[in-house]
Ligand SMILES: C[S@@+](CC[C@H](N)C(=O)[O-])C[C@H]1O[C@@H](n2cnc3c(N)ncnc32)[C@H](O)[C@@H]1O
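A lone chain, given as structure tokens: the form predicted on its own.
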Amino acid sequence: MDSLDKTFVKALFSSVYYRGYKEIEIYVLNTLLHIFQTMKINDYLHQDFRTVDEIIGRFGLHEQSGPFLQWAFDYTAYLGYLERNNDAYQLINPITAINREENLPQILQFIPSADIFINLIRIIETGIKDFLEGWVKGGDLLFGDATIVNLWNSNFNNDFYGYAVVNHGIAYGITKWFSQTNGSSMLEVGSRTSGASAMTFQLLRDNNLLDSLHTIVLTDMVPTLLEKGRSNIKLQVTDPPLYEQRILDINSPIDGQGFSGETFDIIFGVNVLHVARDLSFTLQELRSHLNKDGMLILAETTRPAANRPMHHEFIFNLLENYHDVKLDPEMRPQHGFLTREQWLKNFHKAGFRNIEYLSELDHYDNISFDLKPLHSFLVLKGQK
């Protein structure tokens, strides 16, 4: 890692950032304890060890609740409030959720923009009973009205520091490795509302690189997200480049979606490939649409350890496409976020060369914090 990388990592991650996330973990924990109380699950869990299936059967919950409950019990056990025996869980002591508002001042002191994430959790909690009982789907709960859609736009679009770091990461990685390719064409997968696109465009502009790109294509599955992204780019980028927006499903052959024979010098994505249904297939598809010496660059939130449950999953385990994926005991042993080591294995298996990465996990001494990492951050590059 060169001195610029160290400066970049230290600028994004600090003891303040991690202390803020520790407080967010406590908030999510107490939200789960409150849900357990509201659903009358607490008493049943305290009596004996119970499996997820037993909980679902006892309380008449829908099968779609399984992945969320599995994560919720693992998360609560990891933080020391449940005991696990194989696939069964028991409350260690009768627990009453504390007033979650008590640690909000600490959260906002460390991460002022965290109110965006907190408000997402609050809205989801109001509908969680209906989700667990099967009256609403996760997608309806997460994207069902204008209020929560606006929160998602703020979350993805750099207003929330906790997500903006990965957008910073992809912009930095593309700029850092830009000279290793011809640098004339670029494709983004999973563009959402273009927070990453805007940050990348601006950093390339600041380094006199943006004008060398004659083809830029931003893709997503949701037309309304792309439309919002166009507005965000206009507001956030000085002299934005010409670009095209198209629909692209990373789980289907790219050639069959209007990209036949089309290749790029740079393909990038932020927090999107961890939900690819078949990760090996998607990596091969993207590699096949790179020019010679072209690069795939990802910025991904990662687990610091393979079985470490993370608070973000309170949200994402509500979505079928988060957990309905092809698993592999070595390459992808669990759904959702991967570890850094698993990403490296998958890039090697897909045939990428000149693999490089940037991760704060390697540089505790540069960050100077004394807390165990709750999650990590990876910018990963592989070349064709």
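All of these numbers come straight from a predicted model, not from anything done at the bench. Counting begins at 1, following the sequence as shown.
One more form of this protein exists, namely the form predicted in complex with the named molecule; it is left out here, but the text below deals with it.
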item: Proximity to the named molecule in the predicted bound form, single hit among Val222, Ala306, Leu235, Ile92 (heavy atom within 4.5 Å); value: Val222
item: Proximity to the named molecule in the predicted bound form, single hit among Gly162, Gly127, Gly183, Gly190 (heavy atom within 4.5 Å); value: Gly190
item: Segment assignment from 190 to 198, 112 to 120, 259 to 267, 171 to 179: heavy atom within 4.5 Å of the named molecule in the predicted bound form; value: 190 to 198
item: Close approach of Leu209 to the named molecule in the predicted bound form, 4.5 Å, heavy atom; value: no
item: 4.5 angstroms heavy atom contact with the named molecule in the predicted bound form for Asp249; value: yes
item: In the predicted bound form, Asn321 touching the named molecule (heavy atom, 4.5 Å); value: yes
item: Interface membership of Leu204, the named molecule in the predicted bound form, 4.5 Å heavy atom rule; value: no
item: Heavy atom of each of Phe156, Val272 and Val275 within 4.5 Å of the named molecule in the predicted bound form; value: yes
